[in-house]
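Presented below, as structure tokens, is a lone chain in the form predicted on its own.
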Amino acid sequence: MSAISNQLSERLSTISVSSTVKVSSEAGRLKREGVDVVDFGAGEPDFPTPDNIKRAAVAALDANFTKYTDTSGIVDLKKAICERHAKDYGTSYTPAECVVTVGGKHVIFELTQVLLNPGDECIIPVPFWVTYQDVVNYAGAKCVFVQSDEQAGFAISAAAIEKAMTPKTKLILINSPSNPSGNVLGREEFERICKLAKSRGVLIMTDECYCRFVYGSEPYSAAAFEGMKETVIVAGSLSKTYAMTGWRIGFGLAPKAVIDGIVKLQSHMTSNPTSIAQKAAVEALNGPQEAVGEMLAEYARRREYIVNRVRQIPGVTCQEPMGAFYIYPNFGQAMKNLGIESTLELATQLLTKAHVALVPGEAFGTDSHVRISYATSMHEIERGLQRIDDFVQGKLSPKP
């Protein structure tokens, strides 16, 4: 260990490098070496950013809109976020209750740092997105994990959350549609969770990153439930909805005191989100929305194929996701058949032997699952699943 390693802050040890980032990095390395990798690891749309959004960014450049903006984001964008959220979900936020951030991950980090004190407890349903655990730990708070019901599509209940609550519970973190499981929390159950939280003086952070991508039901926001505006805090993003992952625009909707806290923190972190990306985001929210529906229709087509195909692989079961663009199949029996002890080992061997990149379940709090993204072409989905099937059936060596 180098001498400088001993100088790093202790709080850095509370977090790890994102598992999804590590998978993407390793897959990218193999691709650069000329390996034909099928990449199911990426959590981003394979669609291009719609042209009207790109043109708005070009127009911002031509107008020399390249200076600092307000720390919390430009007024036009905060207004557009509030209006779009009101139109889509029936909420009633004002620009003073909105902050623009450098992506959805940024607002989640800031919210946990603003809301949580050392010793507080944050309830997180399992499986969970990899970042939740690390940002809560970084705040000095304690993660309290609540197991979901896999046979019910990884559903979480108010009753299960209530059992996990203590006097130290400060925050409940709900991601619906869920990354990685694709679970969509039923409106009535989510409302029960909100009422429970309000009765205990506990806050709820609803991560709505995938909120527009649901199958067979209408999208909704818990922030629209009657009497919940002081209890429910929204973490949102344009990354998935508008295929704008690289533009890095997220947002928070919350009581003004929470927003003010985020702005204070953000003023020392980023100064402001990128100016031209903000102008592009205004167009994304105010402009035509047809591209969102087109992406959803294509995801639905892929979802039907990938679920049916994965269920044909021996020793693998798969719940049907009701939102987002992931499946979270259970490889428990297949792993036993192959003598593989962990999904990390499974993912490593699939990458090195079958040249398929996916994310191991350990990253999301489970030990028998992997996350497979279907935000890629049908051609790649077909090729990748055939490779996984061949691997599981022993047509590819399961050991190095």
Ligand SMILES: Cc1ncc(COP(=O)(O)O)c(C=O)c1O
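Position 1 is the first residue in the sequence shown; the rest follow in order. Just so it is clear, the model here is predicted, and its values are computed rather than measured.
If you look for the form predicted together with the named molecule, you will not find it shown, but the lines that follow are about it.
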* **4.5 Å heavy atom contact, Lys240 to the named molecule in the predicted bound form** => yes
* To do: May I ask you to check whether Gly103 falls inside a 4.5 Å heavy atom distance of the named molecule in the predicted bound form?
  => yes
* To do: Report yes if any heavy atom of Val232 sits within 4.5 Å of a heavy atom of the named molecule in the predicted bound form; otherwise report no.
  => no
* Asked: Is there a non-hydrogen atom of Tyr132 within 4.5 angstroms of a non-hydrogen atom of the named molecule in the predicted bound form?
  -> yes
* **the named molecule in the predicted bound form: contacted by all of Ile108, Asn179 and Arg248, heavy atom 4.5 Å** => yes
* Structure fact -> Checking Cys209, Val184, Leu285, Ile172 against the named molecule in the predicted bound form, the residue with a non-hydrogen atom inside 4.5 angstroms turns out to be Cys209
* Which one, 315-323, 294-302, 201-209, 276-284, holds residues whose non-hydrogen atoms are within 4.5 Å of the named molecule in the predicted bound form? -> 201-209
